[in-house]
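Before any questions on binding or motion, here is one chain by itself as structure tokens, the form predicted alone.
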Amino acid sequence: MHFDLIIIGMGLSGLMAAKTAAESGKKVLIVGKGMGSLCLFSNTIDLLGQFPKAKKMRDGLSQWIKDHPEHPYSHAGPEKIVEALSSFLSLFPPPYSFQTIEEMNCLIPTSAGTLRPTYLIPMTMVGGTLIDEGRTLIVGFKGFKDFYALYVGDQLKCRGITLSLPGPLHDEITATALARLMEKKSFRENIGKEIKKQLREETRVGFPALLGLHHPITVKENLEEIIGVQIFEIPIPPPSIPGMRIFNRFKQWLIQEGVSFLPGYSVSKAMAKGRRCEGIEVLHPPVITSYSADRYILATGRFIGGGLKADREKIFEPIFNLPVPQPPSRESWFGTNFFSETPHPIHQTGILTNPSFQPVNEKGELTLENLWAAGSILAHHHSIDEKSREGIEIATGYMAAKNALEK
């Protein structure tokens, strides 16, 4: 039950850390109480959405690091960020690969009918970067309430249609149920023929991002053959089917490489002696199991993932009891205006680290010498506003593991 490295958290940062360590031949355990945030947020890979569409991302990152010396990207550095992205992309060869448009942000449609900037997009979404007004048809499904094709089409100045689902289906249907139906050839033939009948002069058809959990390119190509036009996916609210595809790919690869995978298990306690962590306790009622390692990486996220918690008085990190810098009083956690242009102070809280991603206190002193932190739990970023969540998770997960293994 002893490992070279134990990673706590199954979000993208934890998965990247596990991949990096496994490639070095280390004995790795990754443990998490769920699938992380991939199934919530990640349809594409946001690196830094605040830069204009025409700016090369490498130039934008270098300038961002100069302007934000405490940001997690600053600890990684532009060269290592590119290296980390390359490591991520190596898991997704064609046909289901990720693509950047001329190494710049591109605009893709959303389920709200807006266009949002992102950096890396799966091949199923590439067609959405080339929407022509009046030449694109948006398709929704009756009973699927997370995507309203008529509204999306109206916002994008395109036509939208809503299809009735064949067979004895319920009045409401979920994203995962639709994704599974998409993998049935008979279902695709039915909806494909119906869409073809309703085409006018459109040359592209946009679907909600539901083109199968396991074989989205096969689903896409088959629909294109039936309908006779290009197909693309549009990101939708959680659950994110593209995020599940990323998680499933990592899980499959990590297990093949011998990584011990413990989803659905909560870490209840870390056992420290002096300045070293000697083990963790994993709770799976009614059993508590202990695991030990030479090194540990904390990648549990902020509030959504349970990496940070709050009571009536303070914000705290529940596993290692790491210091969490925060406003002095609860009254200062939020601004006076809910829709303020600046992030609320509570969203700036996180774990401070040194340049090697080892947690430190406000004086810069190490808390535990064999512990590293990665992902959104880190301080000094606001990934939602920055549109940098996946980029931070990939870069810091990669670098935390690299630094831990070099120690």
Partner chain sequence: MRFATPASPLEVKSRKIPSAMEKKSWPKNNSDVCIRCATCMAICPVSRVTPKFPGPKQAGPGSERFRRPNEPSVDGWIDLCIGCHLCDMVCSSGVNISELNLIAKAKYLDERGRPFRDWLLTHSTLYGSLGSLFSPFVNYLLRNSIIKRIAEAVLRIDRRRELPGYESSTFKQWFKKRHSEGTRKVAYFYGCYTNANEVDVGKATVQVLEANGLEVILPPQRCCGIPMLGNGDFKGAEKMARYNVPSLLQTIRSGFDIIFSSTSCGHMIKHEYSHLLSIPGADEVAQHIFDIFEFLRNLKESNGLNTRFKELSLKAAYFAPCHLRALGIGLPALEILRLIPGLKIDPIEADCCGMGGTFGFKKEKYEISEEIGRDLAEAVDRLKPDIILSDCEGCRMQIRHLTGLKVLHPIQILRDALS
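Keep in mind that this is a model prediction, so the values were computed, not measured. Positions refer to the first chain, counted from 1.
There is also a form predicted in complex with its partner chain; it is not shown, and the following applies to it.
Answer range among 124 to 132, 333 to 341, 87 to 95, 254 to 262 for contact with its partner chain, defined in the predicted bound form as heavy atoms within 4.5 Å: In the other structure, the partner sits against 254 to 262.
How about K407: is it within 4.5 Å of its partner chain in the predicted bound form, going by heavy atoms? Contact with its partner chain, no.
Is S74 close enough to its partner chain in the predicted bound form to count, meaning some heavy atom within 4.5 Å? Flag for S74 set to no.
Under a 4.5 Å heavy atom criterion, is E201 part of the interface with its partner chain in the predicted bound form? Heavy-atom contact with its partner chain at 4.5 Å: absent for E201.
Could you confirm whether T176 comes within 4.5 Å of its partner chain in the predicted bound form, counting heavy atoms only? Taking the distances in the predicted bound form, the answer for T176 is yes, it comes within 4.5 Å of its partner chain.
Counting non-hydrogen atoms within 4.5 angstroms of its partner chain in the predicted bound form, say which of L61, C39, I45, L352 makes the cut. If I apply the 4.5 Å criterion carefully, the residue I get is C39.
Tell me, out of T110, S292, T100, Q155, which residue has a non-hydrogen atom within 4.5 angstroms of its partner chain in the predicted bound form. It is S292.
Which residues in 226 to 242 have a heavy atom within 4.5 Å of its partner chain in the predicted bound form? In sequence order, P238, P239 come within 4.5 Å of the partner.
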